[in-house]
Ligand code: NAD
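In structure tokens, the next block holds one chain alone, the form predicted alone.
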């Protein structure tokens, strides 16, 4: 069995490699060649932590495994550790033997950013110039870097509940030689693309704060009860997701479906757009919304890519297990 520790991931996995892995697995899911297992996610009653498992099997890529981990909200203040902690385990689909254990923290950040950037590539208007961010935490920096590589943006705008965190967005904008402007939520009407990446449990962005033609990537809602946008916004948009079953139960669409505003049949797989089975955006004034719930197959895809690179470069630690 190979072990690829967290400290080795930064030198192995690039944004481009994460993008390619996620795009391929979304396509495999839509083609019926890969599927996710039901998600287990629980409050464990200790340290206010949420802990769970996401797994799946990709027949096309012969990737089998799971990610274990979750959210420990007290880590940063108490221990100087990031709040999200996870590990990916890969198994040989032919024998069931453990193949690899891979540090999952940076991989989770990269694959989450890759998912929203894949949605921008396939759904945002080609002439999109202004990108808006709702949220400015640790993950927002990953999201913005990946997104800025998908269109020729000329401006970044952003809102955060705690404005003192907005310099995170300004820092990334500066890396791309772009101006950054803090805005109130109403100011997001200027955006052609909006990424929401928060841990909110109530709607932040209202339907009338989104202009026609906007593409939204809602990336923060991955648990029952979480919510980032007004459910009526989903009635104005063509809704896409990574996994429909997760979208309606733990994703942004859970609220619109529960209120009877949309049905499961109104939600489309992003992979179908990648495969050409769905046209995606069909007009310049159409609002498109990607409900990124985060699927186990994303984690497995990027982890498998890392293991291959680690073995090639002699970085992987091999143990008899």
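Note that this is a predicted model, so its numbers are computed, not measured. Basically, rigid core = biggest C-alpha set you can superpose within 1.5 Å across the two forms. Positions refer to the first chain, counted from 1.
The next section is about a form of this same protein that is not shown, the form predicted in complex with this ligand.
> May I ask you to choose, among 85, 150, 139, 238, the residue with a heavy atom within 4.5 Å of this ligand in the predicted complex?
Result of the distance check: 139.
> If the cut-off is 4.5 angstroms on heavy atoms, which of these, 249, 75, 232, 200, is the one near this ligand in the predicted complex?
By the 4.5 Å criterion, the partner-contacting residue is 200.
> Quick one: is residue 192 in contact with this ligand in the predicted complex, heavy atoms, 4.5 Å cut-off?
Residue 192: no contact with this ligand in the predicted complex.
> Answer for residue 61 alone: is it within 4.5 Å of this ligand in the predicted complex, judged on heavy atom distances?
Taking the distances in the predicted complex, the answer for residue 61 is no, it never comes within 4.5 Å of this ligand.
> Does residue 288 make contact with this ligand in the predicted complex, using a 4.5 Å heavy atom cut-off?
It does not: once this ligand is placed as it appears in the predicted complex, residue 288 has no heavy atom within 4.5 Å of it.
> Looking at the partner-bound form in the predicted complex, is residue 215 within 4.5 Å of this ligand by any heavy atom?
Heavy-atom contact with this ligand at 4.5 Å: absent for residue 215.
> Would you mind picking out the stretch of 181 to 189, 87 to 95, 150 to 158, 128 to 136 that comes within 4.5 angstroms of this ligand in the predicted complex, counting non-hydrogen atoms?
Only one stretch passes the 4.5 Å heavy-atom test: 128 to 136.
> Candidate spot 111, 226 and 294, all three in 4.5 Å heavy atom range of this ligand in the predicted complex?
Per the other structure, all of 111, 226 and 294 touch this ligand.
> Rigid core superposed, CA of residue 50 - does it shift 2 Å or more between this form and the one not shown?
Comparing the forms between this form and the one not shown, which are aligned on their rigid core, residue 50 does shift its C-alpha by 2 Å or more.
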